[in-house]
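Listed next as structure tokens is one chain, alone, in the form predicted on its own.
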Amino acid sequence: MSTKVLSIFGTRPEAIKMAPLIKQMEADAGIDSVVCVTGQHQQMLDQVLELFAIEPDHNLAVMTANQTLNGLASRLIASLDEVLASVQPDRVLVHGDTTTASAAALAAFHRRIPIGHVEAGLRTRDLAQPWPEEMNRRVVDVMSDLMFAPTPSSKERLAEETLQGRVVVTGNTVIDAPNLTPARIDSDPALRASLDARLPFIDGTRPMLLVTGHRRESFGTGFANICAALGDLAELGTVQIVYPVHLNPNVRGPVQASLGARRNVHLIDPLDYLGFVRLMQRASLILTDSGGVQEEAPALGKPVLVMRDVTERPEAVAAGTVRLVGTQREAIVRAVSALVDDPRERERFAHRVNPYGDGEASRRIVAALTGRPFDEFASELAG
């Protein structure tokens, strides 16, 4: 008899990390996989679903203009309660640290449905950074009976807390996805050419800085500093900057106002996942505040500078695949310039160990869900 597993997610980053797992579950006779998407930024979400050929069984489409976190959470819990009553799953799977994850876990908990948390155990131990994600992730771990920790150190962090669930180390499912998409790009010259043709302004002879930035805790002064730093780098003329700008008006407004007319700065709409992977491949270095990029880019051998003061992914810092640079204008300019001026150091990043997985995380999670034996992921940095 198969186990009915309901996977719930709502954003593109969640979809990227859940997609390899969903495909693994679909191929397993021991699991009846049901997918519910909540539909924040539906267009960006749809791009990932189409890429991985995932057809949601339920789409709640909860996004509204100018929504608050409390408004979103209340709509999610009410809508998900109806889905849970209809599907009657044996288990709910949620991912990461989003409002969707915390609301879905709470809705399942209220119905006494077991919860599996994919990417459990990441911590900064500062509820303000990242906000509100640090709280969301802790709350989901408290309610989960299965915690899929991506690394040995995330399992250690969970062991420090009084939790009742079982913790297994799986690696991160986001590493499973790039193992598929870069190979697809590299093996298909026509696809690669079509992706490059979307961004004809990129000069392949000059270093390219890829920027992603959207953290809520950076709204206001933090974003002003980031934009000022990018303006300084643009004026130096040593690097071309490509910035796919998040759809959130709190991001788009300041970025467009500060950088829209700058030379050497290309502000573009968010790309589909294949397009973004190709852009990461073409980048000389990456400046980001994204958690997922901290995991994905090292798998491509790209230096990553993180515009945050703390990270819930310290493994990458220890491995030397990322560096924290904060949100201060001078610190960002100094860190980027140092790597632009030192191609040998950029090359060293390409040969450092990625601590986040070996491409087998989804297989391990499915084995845990079905009660089959498996070996936990052991990072080369562990111990």
Ligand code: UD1
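Owing to the predicted nature of the structure, the values given are computational and were not obtained by experimental measurement. Note that residue numbering begins at 1 and tracks the sequence as displayed.
Below, we turn to the form predicted together with this ligand, even though it does not appear here.
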Item checked: Selected contact from K302, H246, R138, R91, since only one has a non-hydrogen atom within 4.5 angstroms of this ligand in the model of the complex -> H246
Next item on the list: Name the single residue among S144, T98, S154, T173 that comes within 4.5 Å of this ligand in the model of the complex, judging by heavy atoms.
Entry: T98
Next item on the list: May I ask you to check whether M44 falls inside a 4.5 Å heavy atom distance of this ligand in the model of the complex?
Entry: yes
Margin query: At 4.5 Å between heavy atoms, is T321 in contact with this ligand in the model of the complex?
Written below: no
Checklist line | Contact of T64 with this ligand in the model of the complex (heavy atom, 4.5 Å) | finding: yes
Note to self: Just checking whether T11 would be counted as a contact of this ligand in the model of the complex - the rule being heavy atoms within 4.5 angstroms.
What the structure shows: yes
Next item on the list: Can you check 231-239, 83-91, 157-165, 68-76 and let me know which stretch has heavy atoms within 4.5 Å of this ligand in the model of the complex?
Entry: 68-76
